[in-house]
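The chain below stands alone and is given in structure tokens; this is the form predicted alone.
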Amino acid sequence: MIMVGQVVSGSHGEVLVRQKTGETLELGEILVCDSNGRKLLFQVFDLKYGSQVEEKAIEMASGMSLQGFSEQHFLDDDLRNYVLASLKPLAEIIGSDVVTVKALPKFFSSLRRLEAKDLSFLTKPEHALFVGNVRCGSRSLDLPVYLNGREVLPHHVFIPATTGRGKSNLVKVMLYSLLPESYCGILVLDPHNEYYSALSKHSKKEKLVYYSTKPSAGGFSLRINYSSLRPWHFQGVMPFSDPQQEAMHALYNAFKDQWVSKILSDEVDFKKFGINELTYPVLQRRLKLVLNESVFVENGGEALVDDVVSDLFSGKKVIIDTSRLSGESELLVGGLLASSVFSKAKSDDSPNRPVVSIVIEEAPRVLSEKNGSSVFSSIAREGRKFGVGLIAITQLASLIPREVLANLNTKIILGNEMAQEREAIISSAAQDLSSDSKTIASLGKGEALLSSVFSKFAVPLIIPKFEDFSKSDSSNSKKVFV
């Protein structure tokens, strides 16, 4: 057992440890302290130099070395100059229980690196959701991390990161892990058309359903009939004035399923419904702008929405390719399907039915509420009561209202160097991450920090490359985290 540091001072929230010469501690690394029969887990959140030599003497010695003078042997690297690591307590392990650390370790206690056996008491849940492997600094332990997906998915998953840190790779890994599982249906709104080709290689691809305006072999055509649309499906898609919204509801009440067709065909005597002569043509233009003719049609596509909802509630994974749609049309497709799923979930109280999760890229578009509250905001606030959740992905967490962020109860945080974004993420996390800003900024591609109300503490992760993960039989692993 190799000791890498020793407690020298500090407080409960910041234990100061001297690094052993020859060892290298890293930001985010988990260390174990076996103190008086207690097993304590600590995490490095800051590093700095320490020295017993006066600062002026150090500067003098450095200058002499730079100028080519003889080496200064009185500056003993092993004893008088060293690295100090600031550690925060993560958890105390008592038998098979994990509890909050409420007392300091013994003075001069030694610390060692975390090993997989330290978490060997943890088991894989019945409804498993794989999110990565335990990471210790830059090391990946042979310890897959699983959460109970049936609990986690309805309470929402949030994946924030800057570009190039591995968001898409993480989602592919999660979806690939979930594809054979029947306890959940997943609706993927895919603006880059990147998920189907990856997931279609799975041995359980019969549980995968794909819709596109130009579907590949095995896919279905994305065609939605006007009759499937309702006025509330347009909320959050684009701004509508109060008179325009009132006009839509009045015409829907009059013509029911045919209200969109009537508006677009100029067959409406709008004055009969008290609609202003200036409001009606503007409403027409806005509807034509949103209703992409390759997707929304007057003939055909009547069953698509019902088929998607049925597939999701039977545990299938449905991918909607929106890569060829305008922003407004994409939002309307997503809002229509999400609203239909949410409505079905509210009316179906079967205890064992699959939960449903909706994957949304660029989440602020539907959660920022700048165009009004959308069905996605409603799901974020109350979806957990009905077994419907979101997997929200974004670069800009700060654009999402704090109330909505607080409801996204599992956060898989990848690297982010923007201070404003880190602050928004940290302030809404399930665990206290106030000292982890530097750690989050230092995360490399594929490195993450899991903060969830369903985990005992914030867990450092490393996400495997999808190409490697899809080739491995990770489902047979026994050492897991829940």
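For clarity, every value in this text was computed on a predicted model and none was experimentally measured. Heads up: residue numbers just count along the shown sequence, starting at 1.
Quick note: we don't show the form predicted in complex with a small molecule, though the next part is all about it.
Listed residues Ser86, Gln395, Ser212, Ser177 were compared with the small molecule in the model of the complex; Gln395 is the one with a heavy atom within 4.5 Å. Note on the partner interface in the model of the complex: the residue among Pro281, Gly164, Pro239, Gly300 having a heavy atom within 4.5 angstroms of the small molecule is Gly164. Stretch-level contact check against the small molecule in the model of the complex with heavy atoms at 4.5 Å: of 183-191, 156-164, 320-328, 287-295, the positive one is 156-164. The small molecule in the model of the complex is not approached by Val17, whose heavy atoms all lie more than 4.5 angstroms from it. Interface residue remark: Ile463 is counted as part of the site for the small molecule in the model of the complex, having a heavy atom within 4.5 Å.
At a distance threshold of 4.5 angstroms between non-hydrogen atoms, Ser314 is out of contact with the small molecule in the model of the complex. Put simply, Asn169 is close to the small molecule in the model of the complex: some heavy atom of it is within 4.5 Å.
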